[in-house]
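Each of the two blocks below gives one form of the same protein chain as structure tokens; they are labelled structure 1 and structure 2.
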Structure 1
């Protein structure tokens, strides 16, 4: 077991001013590496995207989102029980601090003075309106690394655009490829890829800035335009448009290079993904299916591309006649890349994930005991941090105000008495 003080970012303190998914996800990755991540949350804001007034009755008609609370019950502290927040809340602390008040502003700058990183992904201009833009923060603490995540950059004609990941995915073009084969791009629902892609890139940028600080002694601004981060992943499609005047096809579950698709099995609503990357995979697949017509259609890579639809139809017919476990077992034994398309309940039952100890059981007074998704990567050299699963709102107020900031007890008690510091969200 790795001691918490031996992790790569042990001793690094991160102030987390992030919202929704991409920013909190980046902060979680830094916490995994041992950083002390402190979420600063105003009790007069919904920093977790959940209202304190949410009730079991109010979520009854919300469909999918109603299931994001344990037992579909938001309870007395819904902002502590939302899976949308809790999945990226591991290893974090939480302090109640209203930045739009003189008292909160002062305490926040005191925290900045003793921190190493500030991470935020709010709308452009929010920090400036609060008087805590990066120029001010670096004036207070020249060694601070300020990582800001404006979707379209901090300057320029589009820098003021407002929206969430799906909006900017559409703007940069990635949503134009997101749909089922032969259908319109919006046929597969919303695409949140910008939020999925940003955390790892931002965490890497912060680590690089901290490394640079070791050599220069100075922090500085790290600007990560999230839309640009997504553009990097689809650059070949832009080049194809510029040089060949071609728009990308809507491929659904297929692939422009490998023979790939998702197929229904004999089990109700259980599917498998099958890939054929090369001639070796193709020979292995034919050894299982033993279909002469299929073998002739895809005798080489060119044939598999030309006859892709017919080939996939025959594979689909074979899969549809067998239970999902049989399909997976036969193809895995032959060395064909295959996996079941997992629902949430199936993931919890998956023996492969269980064998790797991916799910971690954790308890918290506001939520109870549940299994939580594990880290997205692991190291042979050390074990990533796994603290409590979620910080309850204001759970670490006394630690931050009294221990870290050294605030006199009477001053802290006054803030509590006036409702400026609470252990619960007000809105």
Structure 2
């Protein structure tokens, strides 16, 4: 139905220098839109967060990340087989290029010259040390859109601080409101929301910059301070602080406007989320539970707030006496907002996702055939790209060096002979 030139970013080339979660997630979204995304990976570093030396034995000794490999086996090419990398690897190309060598540096700038977008989420200063800060890149190619993702920005007293998603959630006020109802925020553990927030934000920013480039002919720097991107998601609480001089409470699974909670069912470790938003939901719920005491307790929204704990306890008792499927089926039939808290295996067999074709089966020689998570959204008018699931390490070396960069064959062979370009990671 869709030809390759019909996608939103057909004809756009993206250089992907991202690592870990949020950056690669952003690059995946650009690939979905038809951009040619080229991951530049040094064979002397772990750009996929996976060591070449990972073995079944080393996993058995530490247990670390064993379950992320097909059949828990890292195999001969662990860096091609890890779910931590592969979830975002669709549609990408991979080229081996060591930016800390003169040969790699030169090839990289050649690639930048013929590209439209560069994406990176390294620690502040890493690119500058390599001589490829955004100012240099924009000199080489003024039409380039350079998207950088320093968690706390490129300036300011904390801009050099180390951290991961949960760290920055804590610095912008989100962790302090996370936790079980009425308890301290450390009851929550970690959430990785900052990582979830960044990819779509970066992709929007890049798309907007490309729109602008159509008007101005110029690219430029996009600075995505990931902590600020996620801070916007609690914007109402910053206004509340000014209105009422207070900080948000820790609400757990409850809500200031709806009566809701997560309840155990008769099935072991299978839970349901139930919400009552208004009188209509309440009437629907009571049609199912048929509990006079419950009806009396929560006759109106004020009553449901006052007696929230008691009301939830009665709903919980009802849920606990039934298998999860029965709870969901009865409440869905009545029109009450409800869902099982879905584990991964349950989602893999979910009939709704199956009907929508969300998971897709894909094969790769290094990995075998498996089902992969789908796109975040879809269109009736064009099909987002679904290329091979993963680029094997260095799988596109010849395409990038010979076809795109036009490097003479003997020069390329020399780089390969000297070990500077490989199809395997060394560390």
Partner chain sequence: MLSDIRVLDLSRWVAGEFATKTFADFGADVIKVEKPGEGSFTRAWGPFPEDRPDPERSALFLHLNTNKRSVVLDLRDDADREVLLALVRRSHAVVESFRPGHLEDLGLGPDVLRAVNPGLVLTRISAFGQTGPYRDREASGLVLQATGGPMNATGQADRAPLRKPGLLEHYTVGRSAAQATMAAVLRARRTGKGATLDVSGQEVLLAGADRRASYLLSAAYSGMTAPRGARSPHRHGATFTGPFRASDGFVMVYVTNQVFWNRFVELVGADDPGFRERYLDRQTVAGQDREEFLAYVADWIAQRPKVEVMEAAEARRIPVTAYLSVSEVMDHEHFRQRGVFVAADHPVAGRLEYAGAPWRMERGFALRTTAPLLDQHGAEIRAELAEEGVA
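Treat the numbers as computed from the prediction; the structure is a model and nothing was measured. Positions refer to the first chain, counted from 1. Between two forms, the rigid core is defined as the largest C-alpha subset superposing within 1.5 Å.
In this comparison, the chain shown as structure 1 is the form predicted on its own. Superposed on the core, the two forms differ at residue 250: its CA moves 2 Å or more between the two structures. For residue 240, the Cα coordinates differ by 2 angstroms or more between the two structures after the core has been superposed. Comparing the forms between the two structures on their rigid core, the Cα displacement of residue 189 reaches 2 Å or more.
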